[in-house]
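Starting off, we have a lone chain in the form predicted alone, written out as C-alpha cells.
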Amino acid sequence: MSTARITTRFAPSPTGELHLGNARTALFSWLFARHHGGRFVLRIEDTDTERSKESYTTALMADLAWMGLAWDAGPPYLSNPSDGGEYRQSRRGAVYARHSATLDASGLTYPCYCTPLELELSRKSQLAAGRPPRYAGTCRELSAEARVRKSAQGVSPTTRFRVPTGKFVEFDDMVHGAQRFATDDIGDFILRRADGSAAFFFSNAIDDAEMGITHVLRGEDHLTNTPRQLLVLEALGLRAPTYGHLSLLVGADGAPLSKRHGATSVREFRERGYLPTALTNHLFRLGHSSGENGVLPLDVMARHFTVKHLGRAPARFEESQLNVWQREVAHHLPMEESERWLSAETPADIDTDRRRAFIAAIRPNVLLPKDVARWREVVFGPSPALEGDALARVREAGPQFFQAAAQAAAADPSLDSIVSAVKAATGAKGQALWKPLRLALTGTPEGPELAPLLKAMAGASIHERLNRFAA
C-alpha cells in the first residue's frame, strides 16, 4: 500500500435509483477505507444534464445513509443543489477546462467533426471485418483549412485525446492482477462533448487525482476504461489511483441482474421492510469470501475486508439468501428497534404492554413487516372461523375440554391457567391437549408460541374463542 492516507470514493451518476451492484461497490469502497483507517468520498457525477436529477441524488444519499455508509467528504446529506459543489461534477467545469487547455496547448487533443451516424457506420464496418471497434482517426490529421470548412458548415466538434501509437499501458489491478493494453487497440477517445462538457474518461480521472483518491474499486465493466484514464493522467502529470475492478452482480440464473429477477434497487428493499444489516451482510459475501460466519456489524466487516478475498467470477444475488440474513437480523433486534420496524403494521389503539407482547410473540414468524397482517388478524380480529379437519379436531376434544378451558380463562386468561384446568378436567395431554387449544384460539395449526401470543390477546377474546365450543 502507498504511504499516503488511503482514500476511496463512490462516484454514482444520479440518473436512476441506487442499484444493488452499485450499492455493493459503495459498501466495498467504504469497507476498504475503514479497514485502513482512511477516508471515503462521495462524488456525484452529474454531467449528463438530460438524465441527471436532483431527486436521484437525494435518494441515493438516503440509501447510503440507511446502509450506514457515512462519507467523510462529499455533498451534505439531503442538501440542495448549491451545496457540496466541489463534489458535484456539474459545478466543476472550470477545473476540467483548465486541464483541457493544458492538453490542447501540448498538442494532445484535436477537434473531431464526425457525426454519430458516421461513427456508427465505421463501427459496424470494423465489426464486420472482425476487428474490435475503435475510432478510425478520421479527423486526427485534418488540415486547418478542412477544420475551418467543417466549422463553417455548422458542425460543433467534440474534442478527442490523441492516443500515442505503438505503446502499451500496463497496471496492476487489485482484483485481476497484471493488465496490459496496446494503445493501437484503444483509439482516440472523446474528452469533451460537442457542447463543451467533460466526458466520463476525462472528468472521472481528473477528479480522482484532484481529490486525492488513492484507490478505486468499481465494476469490471470499467476495466477497459482504465488505460484511457491512465493516459490522460500521465499526460497531465497527475497521480493515478490504484484500481480494482469488481466482478459483476448477476441473478440466480447467471444473467446480469435486472428487473426480471425482481427487486434490484436499494429503495425497493427498503420499502419492503428489509433491514440494512441484512442487506450489507449479504452484499459482503457476494464476490468477497470471508471465514466470519454470522451477522457482522459494519465495523467488524471492515476489519475482515481484504481485496485478496475479492473473487473474479460473477457474484450471484439470490433473494432467498438475503432472506436468511433478514430472518437472522430481524429475530434478534432489540425490542425498541422491532417496534419501530413493525410500527406501521401494529394496531395503534393498543397499550404499550400489549404491543410489546404482540411483537415479542410474532417476531419469530415475521420475515418482513407485511407478515404482521396475518397475526394481527389472528390476535386482534374476530374469533377465527373453523371448518373441515380443523373443526373436526376441535369437536373431537369435546365440550368438557372447552368448558374447563373457558372457565379458567374467565378467571385467568394465561396459558398455564387454561392448560392446568383442561388437564384436571379431561386428562388430555400432548397433541390431544395442544392442537385443539391452538386451533380454537388462533384458527391455525401452527404459528407463534401460544403463551406469549395470549399475553397480547384481550382476555374477553380468549374466553369467547374457547367458550364457543363449550356446548
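Keep in mind that this is a model prediction, so the values were computed, not measured. In this text, residue numbers run from 1 along the sequence as written.
There is another form of the same protein, the form predicted together with a small molecule; it is not shown, and what comes next is about it.
Interface membership of residue 9, defined by any non-hydrogen atom within 4.5 Å of the small molecule in the predicted bound form, is confirmed.
By the criterion of a heavy atom within 4.5 Å, residue 45 is counted among the residues contacting the small molecule in the predicted bound form. The small molecule is not shown here, but in the predicted bound form it comes within 4.5 Å of a heavy atom of residue 200. Although the partner is absent here, residue 204 lies within 4.5 Å of the small molecule in the predicted bound form, judged by heavy atoms.
Within 4.5 Å of the small molecule in the predicted bound form, a heavy atom is found for not a single one of 49, 88 and 92. Of the residues 140, 222, 376, 167, just one reaches the small molecule in the predicted bound form with a heavy atom at 4.5 Å or closer; this is 222. A heavy atom within 4.5 Å of the small molecule in the predicted bound form is found for one listed residue only; from 215, 218, 288, 160, this is 218.
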